[in-house]
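Take a look at this single chain in structure tokens; it is the form predicted on its own.
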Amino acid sequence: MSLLKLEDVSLNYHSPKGETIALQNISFDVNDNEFIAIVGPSGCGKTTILSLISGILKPSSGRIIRNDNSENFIGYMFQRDHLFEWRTIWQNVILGLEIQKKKNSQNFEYINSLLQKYGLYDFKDKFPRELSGGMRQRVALIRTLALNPKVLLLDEPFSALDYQTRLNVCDDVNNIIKSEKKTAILVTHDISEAISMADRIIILTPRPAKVKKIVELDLQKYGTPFQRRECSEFSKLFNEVWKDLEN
């Protein structure tokens, strides 16, 4: 059974000038522990799909089915880390627990274990300005994981980083997601990023966005996202996705 399923989901925007169809009959499912990437032309509605899945927006028609009753089903990681510069790393990471009034020893123990496992424990009393861009993104991800969500929504989380840092952070984030056995949905405009990280790629048409194609990938055997970029199938897959987006 799928963990998450979208069935013929459409979204229309209304304004004084009339109605705009943003998404049209979007259907796909997401399995437990799967990594899905969504790519499509700029402005086609990729982030809108994440907003629908998270419940920020409601579909005009169709259904979004969650086959899990976890209290914190969704965790959201944005384009920028949105760390508060006046709070320490520890204070940033526990922000969600503060808001939900869930500060307790068990949750603190879990966060400490994440900080230790992913090389940030010695920086817990530092401020965000004292960390590199890659470390800040790891902090942002651990802040999202602190509430133990079932599904992570990643909205172009590497776009603000320089290219070299971006490659390293892709490996870091992929390692954390796999180690913590999380399901992830990544929105990106970077084809290479999608191929190197995902199990499946959902390709969207221009607005009104429809699912044009779903590409199955089998690159996990090559190791990290960086290592997958060097495998023999990578360029073929890149050209396949590129042509689908161009046409």
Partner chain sequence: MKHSKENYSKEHLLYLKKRKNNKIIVLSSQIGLLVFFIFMWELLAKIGAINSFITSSPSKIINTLGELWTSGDLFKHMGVTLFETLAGFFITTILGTLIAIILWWSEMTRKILEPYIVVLNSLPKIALGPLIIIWVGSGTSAIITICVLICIIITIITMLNAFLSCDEDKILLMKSMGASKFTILFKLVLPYSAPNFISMLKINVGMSWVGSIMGEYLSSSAGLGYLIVYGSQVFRLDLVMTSTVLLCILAGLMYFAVALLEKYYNKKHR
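This is a predicted model, so every value here is computed, not measured. Numbering follows the first chain given and starts at 1.
Separately, the form predicted in complex with its partner chain exists; it is not shown, and the next lines address it.
Enquirer: Looking in the predicted complex, is its partner chain within 4.5 Å of a heavy atom from each of Phe78, Gln100 and Leu147?
Expert: Judged in the predicted complex, Phe78, Gln100 and Leu147 all sit within 4.5 Å of its partner chain.
Enquirer: Go through Glu85, Asp125, Glu109, Asp162 and name the one with a heavy atom inside 4.5 Å of its partner chain in the predicted complex.
Expert: Among Glu85, Asp125, Glu109, Asp162, a heavy atom within 4.5 Å of its partner chain in the predicted complex occurs only for Glu85.
Enquirer: Would you please decide whether Gly96 lies within 4.5 angstroms of its partner chain in the predicted complex, comparing each non-hydrogen atom pair?
Expert: Taking the distances in the predicted complex, the answer for Gly96 is yes, it comes within 4.5 Å of its partner chain.
Enquirer: Ile65 versus its partner chain, in the predicted complex: is there a non-hydrogen atom within 4.5 Å?
Expert: No, Ile65 is distant from the partner.
Enquirer: Does at least one non-hydrogen atom of Arg143 fall within 4.5 angstroms of its partner chain in the predicted complex?
Expert: Residue-level check for Arg143: yes, a contact with its partner chain.
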